[in-house]
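Read the single chain below, which is given as structure tokens and is the form predicted alone.
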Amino acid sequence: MKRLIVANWKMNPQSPKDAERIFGGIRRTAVKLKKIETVICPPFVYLSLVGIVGNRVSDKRLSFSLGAQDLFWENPPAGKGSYTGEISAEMLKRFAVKYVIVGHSERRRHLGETNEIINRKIKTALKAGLRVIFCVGEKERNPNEDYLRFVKEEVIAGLKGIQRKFLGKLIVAYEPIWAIGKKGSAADAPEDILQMVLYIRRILLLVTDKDSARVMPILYGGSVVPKNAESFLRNAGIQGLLIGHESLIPKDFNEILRIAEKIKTK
């Protein structure tokens, strides 16, 4: 399996022109790489633009994919979508979206998304054939290890009742909330990430089968920059990265892509 490098643009940029510029800058590097899959997750309003620009590449073997930052928890039939402002899985698929981020801490914190809502979204996305990037992570790292119980609850509640046939389309993104949106120096340490990755795999054994718990991709996100990306990818036991701020800077994001490409996949 290819290593995943996911760009979460969040509520950026503010104009279509900038969106095309950023994506164009990333695409020129992404299409040359063979060992990684680059996933671009722009705001909904830019899905069409990014998809059109991406499709200008004639060689379909060159790998990058389109992702969405969220979706609604129901996928209603035509004419029954009475959910103002929401986006369905079926809409995303029509824009050739392959991945969707679910459960990002910013949506949990600012928009009140609960574990139950996230579980419904995951089920809807998987049933529609989308690959889910399921975000989990603690608010703070405290000495009494309450954060371990917090992450355990997120994983178990988020994956409750997921059918075994869908497990191959699940990806876990570990993003400690205290490390998101900071400078690279605030990122978690590779050795601590490795311990959390092993811990998450033990939790997965409670809600999935043994094989799925062992091979399910786990990404890290939180203050990833070119300076620390190689250490994470080599030493943290992860299968890729979920990147926010640096994904809006083509020069920096491309450097992370090149770093990921040169590291041998275990």
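Since the model is a prediction, treat every value here as computed from it, not as a measurement. Don't overthink the numbering: it's just position in the shown sequence, from 1.
This protein has a second form, the form predicted in complex with a small molecule, left out of what is shown; the following refers to that one.
- Here is the short version: of V50, V39, A30, V224, the single residue with a heavy atom within 4.5 Å of the small molecule in the model of the complex is V224.
- Judged by heavy atoms within 4.5 Å of the small molecule in the model of the complex, the contact stretch among the candidates 41 to 49, 216 to 224, 197 to 205, 229 to 237 is 216 to 224.
- Although the partner is absent here, L242 lies within 4.5 Å of the small molecule in the model of the complex, judged by heavy atoms.
- The closest non-hydrogen atom of G129 lies beyond 4.5 Å of the small molecule in the model of the complex.
- Contact check for D188: no non-hydrogen atom falls within 4.5 Å of the small molecule in the model of the complex.
- Taking non-hydrogen atoms only, K10 approaches the small molecule to within 4.5 angstroms in the model of the complex.
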